[in-house]
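Take a look at this single chain in structure tokens; it is the form predicted on its own.
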């Protein structure tokens, strides 16, 4: 997945832009113009202002991961830039660099290294828990816990490990993403479906979902509530689904279920 996908929602909150010339670089990245971003970051990487220079090196690393086609040489250079930032400071650039070291291990290198990605994300959460980078890393670490890190462990143990990450979630978005990831894993691993219901209810209450995810969640809550005998709760969410998704193919099913309960 392209690095710029994350930049739009992260950079403005995470990195205090040091100057208008660097702001232009981040704007270029959010518009998928990595080559243009490099022209902004590279001259600033030798700035006399240490904060500007560090942010510019961080920007160059992110741009290298987004400059298509991404080559092994680009990945290695980005890794070196990020490692240098992590080893030489504890600012927002260091936190962002740690996040992208995890992303490189998880997605960019030729052979993904789930254990290394998890190590980077855990250290990021331990050192910068309140940062937007750590909050974004939580759901990515959860996915590693749920599917990749310990495949020999029983699925229930993997779900329990992911649930422990909820204690570190301090934003509605991070908490919602964790609840949805855990609920989906419960379905995927064919664990008792009722265990997903509290997570789906929490995610719906937090309200940080796109339209497609919300429709899925409303229907899943309604169905699981019906199966659990929670008729009033099921009816409430069938009605919500019907009101918000009038053209959905599941509209007929929801309408039939609601009619049965209203009898």
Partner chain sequence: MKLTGKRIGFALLGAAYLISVFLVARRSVEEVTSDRVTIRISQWQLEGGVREAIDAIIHRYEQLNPRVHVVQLAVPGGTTYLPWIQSQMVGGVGPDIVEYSWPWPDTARNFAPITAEVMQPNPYDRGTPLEGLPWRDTFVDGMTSPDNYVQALSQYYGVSMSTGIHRIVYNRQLVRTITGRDTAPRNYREFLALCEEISAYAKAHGLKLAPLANSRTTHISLTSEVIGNTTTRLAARVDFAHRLKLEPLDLAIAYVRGEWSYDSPELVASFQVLKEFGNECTPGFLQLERESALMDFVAGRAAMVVAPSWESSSLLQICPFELGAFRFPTPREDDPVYGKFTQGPFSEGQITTGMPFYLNRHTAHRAEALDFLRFLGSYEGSTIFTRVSSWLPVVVGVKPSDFSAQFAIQADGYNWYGGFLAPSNHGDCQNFWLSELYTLWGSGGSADKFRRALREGMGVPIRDGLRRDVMAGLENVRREDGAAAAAMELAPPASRPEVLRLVTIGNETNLYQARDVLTLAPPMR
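It should be emphasised that the depicted structure is a prediction, and the values quoted were computed from it without experimental measurement. Numbering follows the first chain given and starts at 1.
What comes next is about the form predicted together with its partner chain, which is not displayed.
Screening 128, 168, 79, 140 for any heavy atom within 4.5 Å of its partner chain in the predicted complex leaves a single hit, 140. Its partner chain is not drawn, but in the predicted complex it has no heavy atom within 4.5 Å of residue 262.
Residue contact check for residue 58: one or more of its heavy atoms lie within 4.5 Å of its partner chain in the predicted complex. Residue contact with its partner chain in the predicted complex: residue 120 places no heavy atom within 4.5 Å of it. Among heavy atoms of residue 227, some come within 4.5 Å of its partner chain in the predicted complex. Residues from 146 to 172 that approach its partner chain in the predicted complex with a non-hydrogen atom closer than or equal to 4.5 Å are 147, 148, 171, 172, in the order they occur in the chain.
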